[in-house]
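There is one chain below, alone, in structure tokens, taken in the form predicted on its own.
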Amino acid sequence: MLLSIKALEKRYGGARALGGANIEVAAGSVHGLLGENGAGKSTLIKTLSGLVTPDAGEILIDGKPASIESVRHAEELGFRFIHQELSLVPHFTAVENAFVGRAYPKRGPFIDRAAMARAIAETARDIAPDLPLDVPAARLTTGQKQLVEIIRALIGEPARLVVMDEPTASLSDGEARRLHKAVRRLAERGVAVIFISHRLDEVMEICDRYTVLRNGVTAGAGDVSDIDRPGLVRLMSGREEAELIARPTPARSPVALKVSDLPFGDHGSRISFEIKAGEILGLYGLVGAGRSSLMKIVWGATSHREGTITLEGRALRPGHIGDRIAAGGAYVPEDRRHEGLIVSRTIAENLAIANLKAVRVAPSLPWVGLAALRRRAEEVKAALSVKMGSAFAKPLTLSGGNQQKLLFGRWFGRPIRLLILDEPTRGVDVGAKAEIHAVARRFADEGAAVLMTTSDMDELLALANRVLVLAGGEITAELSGSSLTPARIIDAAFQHQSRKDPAA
């Protein structure tokens, strides 16, 4: 057995992160590590990466006790990690980011950039053949950045263990399938893979064995072939999986958001669409189709020179987020760590940032009150079932799913007329996903127009009344009712590629 973890324990103050976790991972296998947010997966992985020292228990490598003392030590052991949170240098290209922390190949006294490019191109060819390798990371989509993180972990010296934490959370179905093939190839070469995912269907497809953590303890383990999806859900949560119920088309209602002749893409295309009050409009497209870019234009985070955007008849100025907020707009970004949360501020402050008037000491005074901040945090905690300790702790002390809930919670207490959701359940467990779906529906039921994009096909079909498919800077399909099927969505997503290459 390559890796054995026995009775691992870790506490942070009075909070127990691990209380007796066990896992065994064989060389040449793909091992699914599952659990709801806060179950202890991240802490367990951090002990393998050398970032966290456990309080009790033992780690065995090749049957021998080991103490992983640092990140460098983990690297020397042949352990590679692909973390859920992105950590790229924004002004470095994919090639340059891949070699951060590694020895640069040299030709004489100079860095051999050609050798660097060849090394990453060889790995990228299988996983992301269309990934631009010479573009600064700041100009890449979140999905493309995730691919860079994956490639960075796989280049260089041969790995013995690769840990992938939600590697497909921001990838399209096509990109995810490429990654699945790469994972299987790693296993065939004798590499052990720990695959962490909340997409249970892909766990059932590519993993050989599974381990489920619940409340820091191993709740179950075994061969994937001996369990079904509902069984995994019961182990993870102690309850049955919530059924996703497709949304019917809303009754007649006025148009809330109207986008007209908006320049989009690199080929001079223009996009127009409308969303009615109470309607959820989904956007779908492959990685690089421009979903997140379009949503940022609608939100005002990116400006536009032509075209118009109106909300309930009110013109929204290009590049003015304040216009959207004043008109009742709200936004939950895809990259919660870098674009959503203010990580230097407390949980309570993050929840109050969109409605500071509600937490002032007095209406006429500019100062906020601690009691009001705490009260608002407790209200959101109760409404969204946020697992947190002190309201004045930093948001990164929470699990990914609970961080995501904060981004929804900051808009509570405001009259929302437009809600923009970019990958709203990225890295969120099945229980929290159902809760977030309920929140999105609640906003729509109260009359908000909801614009949503997601890489999760089940989520798209469960939430959206209509779906627009983007490809090559164009809307290639508008689907609703009986035409809203996975086959029709995927076909439209590949239309632009088929037009470019008739043999595709």
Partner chain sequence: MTGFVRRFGTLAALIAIIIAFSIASPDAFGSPSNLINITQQMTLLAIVAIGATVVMAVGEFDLSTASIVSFGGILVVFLFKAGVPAPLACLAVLAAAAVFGAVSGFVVSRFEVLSFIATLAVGTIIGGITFWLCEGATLFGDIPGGFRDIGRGTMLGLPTLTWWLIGVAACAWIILDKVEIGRRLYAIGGNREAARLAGVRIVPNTMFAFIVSAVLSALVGILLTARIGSANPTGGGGYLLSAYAAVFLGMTAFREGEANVPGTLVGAAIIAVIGNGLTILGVSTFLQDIITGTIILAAVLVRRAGKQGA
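Positions refer to the first chain, counted from 1. Since this is a predicted model, take the numbers as computed values, not measurements.
Heads up, the form predicted together with its partner chain isn't pictured, but that's what we're talking about next.
Under a 4.5 angstroms non-hydrogen atom cutoff, its partner chain in the predicted complex lacks R189 among its neighbouring residues. Residue contact check for H338: one or more of its heavy atoms lie within 4.5 Å of its partner chain in the predicted complex. Its partner chain in the predicted complex is not approached by I275, whose heavy atoms all lie more than 4.5 angstroms from it.
Interface residue remark: P158 is not counted as part of the site for its partner chain in the predicted complex, having no heavy atom within 4.5 Å.
The chain is drawn here without its partner chain; in the predicted complex, the stretch among 255 to 263, 339 to 347, 379 to 387, 136 to 144 whose residues come within 4.5 Å of it by any heavy atom is 339 to 347. Heavy atoms of no residue among R107, R113 and M116 are located within 4.5 Å of its partner chain in the predicted complex. In terms of contact with its partner chain in the predicted complex, the residue from V368, L235, L171, L311 that brings a heavy atom within 4.5 Å is V368.
Residue-level contacts in the predicted complex: of A315, A372, A354, A434, one residue has a heavy atom within 4.5 Å of its partner chain, and it is A354. Contacts with its partner chain in the predicted complex, taken as any heavy atom within 4.5 Å, map within 298 to 322 to W299, A301, I321.
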